[in-house]
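First, one chain by itself: the form predicted on its own, in structure tokens.
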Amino acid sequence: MRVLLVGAGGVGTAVTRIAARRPFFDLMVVADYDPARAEAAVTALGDDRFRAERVDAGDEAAVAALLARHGCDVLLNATDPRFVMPLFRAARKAGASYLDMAMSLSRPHPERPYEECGVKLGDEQFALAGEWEEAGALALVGMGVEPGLSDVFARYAADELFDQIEEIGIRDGANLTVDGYDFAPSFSIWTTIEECLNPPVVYEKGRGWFTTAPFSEPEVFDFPDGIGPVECVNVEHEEVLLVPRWVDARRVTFKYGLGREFIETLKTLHLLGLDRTTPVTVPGADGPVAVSPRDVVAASLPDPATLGERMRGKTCAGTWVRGVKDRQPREVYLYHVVDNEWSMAEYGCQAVVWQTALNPVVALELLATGGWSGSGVLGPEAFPARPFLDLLTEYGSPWGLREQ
């Protein structure tokens, strides 16, 4: 397998460090708009299977040419969601498989944003599913940790743990702290703003997908491995759009343990218009400059990839499932916990970006070895769960199951 990895930020760098320990690929080209970032990721490995390149993720022709020049048969997208569609189209143009960790962006309903869906996450990609299927090509979308591993857990629950599923709820929580910062998101603030301030989507059988207000339906969820109770709220996330396509469940939700202070900060950014992506004009040394307010916020905060040494605690991603097995009610939580102290000592990566990066590498290995195969635009639920979970454990990062 020959891989083009686009994006050498925190997650992309973690991908290279995880992949370097595995033999399933022949070449991984690490490409970034900033060539120094790509070069740094490659140089740190001392592995001649890795090469650094510069590419603009928004330039479809340049990405397609880069795929062709290196003979890459799969593109792994480790950029933010703004670049999903150009990279998705570039892979199709070049005849390569495609894999991402976040899907094409949504747009709220223009009149009823907190009741009805507008353009949903992934709609632009699924609109082209026929083209991929007709070509016998695969686009594996939403294959990070959430979405990704959480979707694999949903498929595993449906196949092996339940006869009938009432509800699947993704529940994400952590007890991470960052020394020296009152507000320092452990993941891309650009992505965090996008998913937290957009109308959350809920799925119900018979009703389909609908929206609620941001941060709605708060609940306290008790997370394992010492993390403990965390208040979780509805957040827009890909799992709600993916799971019902392949798994039969009466209701699907996503709730994120953000914390009251984090929520209030996001609300303030929204109130001030600093969550907007449309550029505003500001004075500059050489005249007026157009800048995106959200990009200014991102530039003002520390790079999440650099926070590892200051972070303390654990992060947990998981899937809570309620239903019936052998005519008896059953409730379980399938989960994956990463301790930041461990991930920093073992890989030099902070826990959140490492946990995100791990799962696409596992998926790439399954595609390379034939453990997973398919064509079209498919989510993780479209594939058998057991091979993935077994390989995840082989990577030295086991998952857990808790009866509720």
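Note that residue numbering begins at 1 and tracks the sequence as displayed. Model, not experiment: these values are computed from the prediction. Here the rigid core means the biggest group of C-alpha atoms that line up within 1.5 Å when the two forms are laid on top of each other.
We do not show the form predicted in complex with a further copy of the same chain, though everything after this point is about it.
Listed residues Leu301, Val324, Ala213, Ala135 were compared with a further copy of the same chain in the predicted bound form; Leu301 is the one with a heavy atom within 4.5 Å. Exactly one listed residue, out of Trp209, Phe183, Tyr114, Trp246, brings a non-hydrogen atom to within 4.5 Å of a further copy of the same chain in the predicted bound form: Phe183. Only one segment in the set 221-229, 143-151, 74-82, 265-273 has any non-hydrogen atom within 4.5 angstroms of a further copy of the same chain in the predicted bound form, and it is 265-273. The closest non-hydrogen atom of Asp295 lies within 4.5 Å of a further copy of the same chain in the predicted bound form. Using a 4.5 Å cutoff between non-hydrogen atoms, Pro110 does not count as a contact of a further copy of the same chain in the predicted bound form.
Heavy atoms of Thr281 reach within 4.5 Å of a further copy of the same chain in the predicted bound form, making it an interface residue. The closest heavy atom approach of Glu261 to a further copy of the same chain in the predicted bound form falls within 4.5 Å. Taking the rigid core as fixed, one finds a CA shift for Val280 of 2 Å or more between this form and the one not shown. Once the cores line up, the CA of Pro302 ends up 2 angstroms or more apart between this form and the one not shown. If you fit the rigid core between this form and the one not shown, you'll see the Cα of Ala213 move by less than 2 angstroms.
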